[in-house]
Structure formats: structure tokens, C-alpha cells
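The form predicted on its own is given below as one chain in C-alpha cells.
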């Protein structure tokens, strides 16, 4: 396996471990132990950990093992508000600038999500969900917006996964995605933003509820 592919593979394994809760918030990630467990050298392990730190999933510490990030609700809420603003703007731009082929590609992502929802791993399904949102932002044809959105989305990866898993209503999510897609096909920016605002508002409520339940368990 090429060094770059090895590093990406390791980062993906650690990322999934964090999402599943195998690596709990605040727990250390021991470079030597994890490298030995995965049968890899410490160099790609170190690069993978740095990548997760860039995504906000891991916190690096001088002369100590990095730990799994444990952001506060305030941090998550602030990031969610910014992501919502970016996705609303991207929707307005996409309604004006997206090509018919790009819209077809977004529709294909949603069709795959619905077709595979009962047969694939919950993290795989979540990643398709995020791919739907990323594709819409990419269709805005605004590179700085797309780069900023992807960076913030990485920081919200765990919170969005846990929040959506805790309160997931598959039929509702599919209906909301279809409504968002229909507005995009119609090039109706106002309808798109209304549907997306509702979709993300419910998601934020789910994440808030998850944080409240964690706070109650640890109180």
C-alpha cells in the first residue's frame, strides 16, 4: 500500500473509531500502541493523527499523547450556525449556477442513499448523507465557500453523526432531501433555503438533545 493511501486508511479507521465511540472524547491516542495494533509504522500513524487534528477530531498536546476532542455545546452550536449560513448561501448560488448534470449527480447521491439505507453500515450511510450536502455546496461554483464548508463539516463530523443517529427518522430525512432537491431543480432559491433551514434546524435540535443527555448522564 502506498504511503499516502496507508495514511488515509489509518485516518479513516481512527475517524470511524471516534464516531462509533470506541475512542471516547478525552481519551488518549497512543501513537506507538495504535501503530502496533494496525501493523503500520509510526510515520503514517503520526500523519493520520495530524489529519484528524486538522479536522478538529483530535487535540494535539506538546510532549504528550494527543486526545480525542471533546468540544463544548457552544463550540458545536457556533459551527452549526456557520455551516447553516454557508449552506444557505451555497443553495442560492447553486440554484443560479449549477449545471443540469451537477443536479443529476446530487439526485443520484440521494437515490443511492435511499436504495442502500437498509443494507449498509450506519457510518457509510452517514457519509452518503454528508456527500449530498457537500455536492450541493460544490455546485455553488464558489471554491472558497466550498473549502470553508468542508473544513467546518469535518469539525462537526462526530456531533452530526451522533445527533442524527440518536434522532434519525429515515423517512423524514429522505423527504427533506427530496424537497431540497426539487427546489434546486426548479432553481427556486427561496424554496431551497426554506427547506434547508428546516432540515438543519431539526438536526441542530437533535445534536442539542444528545449533548443534554450526555450532560445528564455525567452530572
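Residue numbers count along the first chain shown, from 1. Only a predicted model underlies this, so the values are computations on that prediction, with no experimental measurement involved.
Although it is not shown, the form predicted in complex with a further copy of the same chain is what the next lines describe.
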Next item on the list: Heavy atoms, 4.5 Å, a further copy of the same chain in the predicted bound form: which of 147-155, 175-183, 65-73, 22-30 makes the cut? Say which one.
Entry: 147-155
Next item on the list: Let me know the one among 86, 95, 103, 134 whose heavy atoms come within 4.5 Å of a further copy of the same chain in the predicted bound form, would you?
Entry: 86
Next item on the list: Have a look at 79, 139, 125, 109 for me and say which one sits with a heavy atom within 4.5 Å of a further copy of the same chain in the predicted bound form.
Entry: 79
Note to self: Does any part of residue 47 reach within 4.5 Å of a further copy of the same chain in the predicted bound form? Heavy atoms only, please.
What the structure shows: yes
Note to self: Can you tell me if residue 115 lies within 4.5 angstroms of a further copy of the same chain in the predicted bound form, counting non-hydrogen atoms only?
What the structure shows: no
Margin query: With the distance limit set at 4.5 angstroms and only heavy atoms considered, check whether 7, 54 and 143 all reach a further copy of the same chain in the predicted bound form.
Written below: yes
